[in-house]
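Listed next as structure tokens is one chain, alone, in the form predicted on its own.
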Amino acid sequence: MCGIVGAIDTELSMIKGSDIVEAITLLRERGNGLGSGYAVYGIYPEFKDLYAIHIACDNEYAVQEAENYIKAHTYVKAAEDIPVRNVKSIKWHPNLRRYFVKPGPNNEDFMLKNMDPGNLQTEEEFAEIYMKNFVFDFNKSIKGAFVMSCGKNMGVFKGVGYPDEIGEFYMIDRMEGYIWLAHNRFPTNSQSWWGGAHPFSLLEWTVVHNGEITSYGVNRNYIEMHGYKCLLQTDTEVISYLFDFFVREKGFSIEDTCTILSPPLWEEIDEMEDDKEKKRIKLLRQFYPQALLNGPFAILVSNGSSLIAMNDNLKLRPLVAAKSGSRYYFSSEECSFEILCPEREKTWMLSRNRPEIISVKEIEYV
């Protein structure tokens, strides 16, 4: 089950949130009202150089503890409640706040004073590592609170409800962005709560997922060996951490990372005629088997400069694509395209373990 929708404009033109809500709502029967959410890029241009931390807190005590923690560990440029509407079907929701920050305890010079020139070359590298560790420490330290997202010029808006309800609650119809991810959840092996709704996010990475990661235990053990902490009680969060680890920390290309996570079958590798490609894929499979994702899945992933669509290597979950001008769309079902691009140039079904990677032409802040 589960429904996923993604959209990207390679020219950085804005896509209306109202269209995304309508497109994912067409997949309403793929969920059961226990989780939905949206990720949008390009939403905070006035704060594009700052990390936008979205948090959810169960009560006022957690709000105060969270705010104290954020102010003690970051320089806060601006802070406010996330605007929401009253929605009759949403009986309860956490306190929702957002902060626009730089690393360092209220000290803009903190990074420069604490950078390790032997290991880190730039201020940005330090900031990314700092914010990654900040998120994990926050989620572990503040009872009744968690970080929904912490990337630049992007945000995650998610909760317990159907996609039309969560869209109305967060006023997604008033938003615009050049990349969107949307999710309609049907939880099977994990509980329903606001932190378990998709998308899952770390820094600029966000993931929405339809399916089940049966290798979660192995994947979790592997990524936690490298300093990541899986605290949100669902298998999907590990995917965002694996992309961050391989692309940002290890310096792998997105293509190689996709190969590590969902490689061809061994018999298919043996039949490859390109010896160089065969050797490359064999090495990736042999060196990183703990990162391979087993189980049926279709996922959409973004880091603000690319949108990645990928299936498991047996294609056990549906994923279709469409193109219209500079815009590319992905969905669990083709009916979403009747909303997003009714006069599309082409529509196609994604091939198994052959990811579609669509990138924007130029972006300064990624």
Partner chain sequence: MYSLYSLMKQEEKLYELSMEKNWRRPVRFEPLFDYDRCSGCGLCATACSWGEIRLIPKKVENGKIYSMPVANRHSCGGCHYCERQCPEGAIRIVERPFVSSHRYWREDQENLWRQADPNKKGHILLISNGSDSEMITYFDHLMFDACQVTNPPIDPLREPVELRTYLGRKDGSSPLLELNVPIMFSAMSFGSINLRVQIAEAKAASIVGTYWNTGEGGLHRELYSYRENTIVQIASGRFGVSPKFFKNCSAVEIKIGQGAKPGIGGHLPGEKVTSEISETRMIPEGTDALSPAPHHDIYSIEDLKQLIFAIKETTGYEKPVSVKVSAVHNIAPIVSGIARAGADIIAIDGFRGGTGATPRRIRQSMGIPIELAISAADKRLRDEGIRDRVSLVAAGGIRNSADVLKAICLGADAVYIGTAVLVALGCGLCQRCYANKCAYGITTNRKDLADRIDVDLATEALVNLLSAWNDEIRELMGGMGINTIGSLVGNRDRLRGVNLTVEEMKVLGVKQAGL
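Positions refer to the first chain, counted from 1. The structure displayed is predicted, hence computed values, not measured ones.
This protein has a second form, the form predicted in complex with the partner chain, left out of what is shown; the following refers to that one.
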Residue among 339, 316, 320, 43 with a heavy atom within 4.5 Å of the partner chain in the model of the complex: 316
Contact residue in the model of the complex, chosen from 97, 229, 282, 71 - any heavy atom within 4.5 Å of the partner chain: 282
Interface segment, criterion being heavy atoms within 4.5 Å of the partner chain in the model of the complex, picked from 130 to 138, 151 to 159, 213 to 221, 194 to 202: 213 to 221
Distance check, residue 122 to the partner chain in the model of the complex, heavy atom within 4.5 Å: no
is_contact(residue 253, the partner chain) in the model of the complex, heavy atom dist at most 4.5 Å: no
Exercise: residue 286 in contact with the partner chain in the model of the complex, heavy atom 4.5 Å: yes
Contact label in the model of the complex: residue 265 to the partner chain, heavy atom within 4.5 Å: yes
Stretch 289 to 313 - residues with a heavy atom within 4.5 Å of the partner chain in the model of the complex: 289, 290, 292, 294, 295, 296, 313
